[in-house]
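Presented as structure tokens, the chain that follows is alone, the form predicted on its own.
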């Protein structure tokens, strides 16, 4: 076998008690498919754009373009000039950005400003993760193409977007699905006889994709929107009837994510909580790595994550689990004693993912003595 030069090995020094070292985010997963459509309510046009699970950033620009098209068709006849956007996560900010191009006055209503949203906490790889699209294959193809091309054009322009290889010992389904839906959008994957890392002897795959740094991206979007005259109103709306009766705008774009579960009584929306361990930045690491979880070196942190807890709506970080995640990834590089895959260390939920069902998942339940022993050991 030809000699393969190793890429730099991550440093896995991690203090779960350090400020910001552990983060928990709640993804807005919608069974069946995300929602991207319009309805009329008491004389208002309501455009829904939510339920994208862990793929919100990936799909954002493409979904925003669909929203823009719906609104553009509507105002061609109605000549309305104002629009309300609900939500200040990535879906709300990108939709607002493209709606400004229609000459509309845009107001964003949100109970959380961008830095407090789930979008801000995302890992940032451009890939289809934890999202269903039943019956929407062609629409998703269009969304993926638009979104990827928009992000690609923003490289080097202050949006926190870079190209990165992703190395994986098994086919990465969240990238494979993109290549099946939109062939040639991403460069072809490469088969490697050996992954180029310390302690790796197995074969694997190299993908080329994008890494979007959410804090940089969202901060830039917010800055640009404010400079273009968009008003941000911090307000919690309790019901769809309050939206209809209390907002002056007759066009409303609903990008509330998990909030749509209550606001629009959408029982298909469920929370999926994920834990992230945030290690100090390591500029020498210029690649992504995936193996049942992920390691994404960004300029602000090296992000380790990939957990999945369905029907859990809890933004309190689980420090023990974050420590376990770091230990698990460190073991892949020979920097820790190998342990079983943590019980919630599954990048894609069983009922949402499109991967080989034989992919190993949990070995020990959360409250089992074995799990507690593993936590103590790490």
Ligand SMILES: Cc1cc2nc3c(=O)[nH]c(=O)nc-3n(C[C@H](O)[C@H](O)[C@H](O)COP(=O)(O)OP(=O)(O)OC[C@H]3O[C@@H](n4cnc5c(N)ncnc54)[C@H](O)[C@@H]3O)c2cc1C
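Here the structure is a predicted model, which is why all the values come from computation and not from measurement. Residue numbers count along the first chain shown, from 1.
Keep in mind that the form predicted in complex with this ligand is not shown, yet the notes after this line are about it.
Visitor: Kindly confirm or deny that 26, 56 and 274 each have some heavy atom within 4.5 angstroms of this ligand in the predicted bound form.
Guide: Yes, because 26, 56 and 274 each have a heavy atom that approaches this ligand to within 4.5 Å in the predicted bound form.
Visitor: Is there any non-hydrogen atom of residue 117 lying within 4.5 Å of this ligand in the predicted bound form?
Guide: Result yes; residue 117 sits at the interface with this ligand in the predicted bound form.
Visitor: Please check if residue 111 has a heavy atom lying within 4.5 Å of any heavy atom of this ligand in the predicted bound form.
Guide: Output for residue 111 is yes: heavy atoms within 4.5 Å of this ligand.
Visitor: With a cut-off of 4.5 Å between heavy atoms, is residue 230 one of the residues that contacts this ligand in the predicted bound form?
Guide: Outside the cut-off, so no.
Visitor: My question is simply whether residue 125 lines the interface with this ligand in the predicted bound form - judged by any non-hydrogen atom within 4.5 Å.
Guide: Yes.
Visitor: Only one of 27-35, 66-74, 322-330, 40-48 gets a heavy atom within 4.5 Å of this ligand in the predicted bound form; which is it?
Guide: Every other range fails; the passing one is 27-35.
Visitor: Given that this ligand is left out here, which of 161, 237, 279, 104 has a heavy atom within 4.5 Å of it in the predicted bound form?
Guide: None of the other options qualify; the answer is 237.
Visitor: Which residues from 77-96 come close to this ligand in the predicted bound form, meaning a heavy atom within 4.5 Å?
Guide: Counting only heavy atoms within 4.5 Å of this ligand in the predicted bound form, the contacting residues of 77-96 are 87, 88, 89, 90, 91, 92.
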